[in-house]
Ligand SMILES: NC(=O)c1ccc[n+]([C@@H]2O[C@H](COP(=O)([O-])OP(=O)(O)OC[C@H]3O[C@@H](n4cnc5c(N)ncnc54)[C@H](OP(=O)(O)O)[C@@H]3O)[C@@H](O)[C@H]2O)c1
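The chain below stands alone and is given as structure tokens, in the form predicted on its own.
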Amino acid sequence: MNSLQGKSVLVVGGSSGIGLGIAQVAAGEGAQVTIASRSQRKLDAALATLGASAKASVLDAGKDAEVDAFFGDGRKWDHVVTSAGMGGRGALPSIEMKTAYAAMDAKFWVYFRVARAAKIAEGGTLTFVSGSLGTKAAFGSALVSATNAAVEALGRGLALDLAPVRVNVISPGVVDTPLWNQFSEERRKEFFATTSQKLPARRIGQPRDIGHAVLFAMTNPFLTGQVIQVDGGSGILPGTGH
């Protein structure tokens, strides 16, 4: 297994949630971590959890010019991770086209844009974070499923196109992140409790759980072109996709 000690790790979408969990695990392994997102406030708060050597950059990865400028200095990163995306749930007939475009723009095209522009060192990796709905359907989630499936297909294709850079996709199940703050605390706790009892792991995922999966993808030199499910076992149960 390769070491992250002293390696440069960029986490796009690393200021909160799963992205921050990934950055924290990488920093704990001795990596030189840079997190990037749109919010300076969130970046400042995240930096306080990452140690003195971590850095942050404001970046709207939804904009071509900003992404091209960010990667335009020619720097080669050892490892690049993208963790982003939100929205898109609901019955398809009720989703307006502008909402559908925004959901795809916020995830698939962000990942595509970063993959196109990032310069990755020989022996390095590119890792995407998708979601278990990419392979398992659930009511009211057709658009989310399609977006995640597109991300996973992109990752597999890039493992060929970018070789010998290794490209993998981590597909999380239900993870306790700020995404769920859109619900009331009571509803969120009830959902987590009900879901955890259904899962073979008997728990909800935490951002660092996904971080450790990304660590595996970054440090295993024989792993590329894979979609790794980190879902507490929901994938082996009928009708529990999230």
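Note that the structure is predicted; figures quoted are calculated from it, not measured. Residue numbers run from 1 along the displayed sequence.
We do not show the form predicted together with the named molecule, though everything after this point is about it.
Here the marked residues G13, D60 and V174 all reach the named molecule in the predicted bound form, each with a heavy atom within 4.5 angstroms.
Contact with the named molecule in the predicted bound form, judged as any non-hydrogen atom within 4.5 angstroms, is confined among 160 to 168, 105 to 113, 119 to 127, 92 to 100 to 105 to 113. Distance criterion of 4.5 Å from any heavy atom to the named molecule in the predicted bound form singles out S39 from the list S39, S53, T49, S196. In summary, among the residues L179, A69, A45, A201, the only one with a non-hydrogen atom within 4.5 Å of the named molecule in the predicted bound form is L179. Interface residue remark: G19 is counted as part of the site for the named molecule in the predicted bound form, having a heavy atom within 4.5 Å. Contact check for A84: a non-hydrogen atom falls within 4.5 Å of the named molecule in the predicted bound form. The named molecule is not drawn, but in the predicted bound form it has no heavy atom within 4.5 Å of G155.
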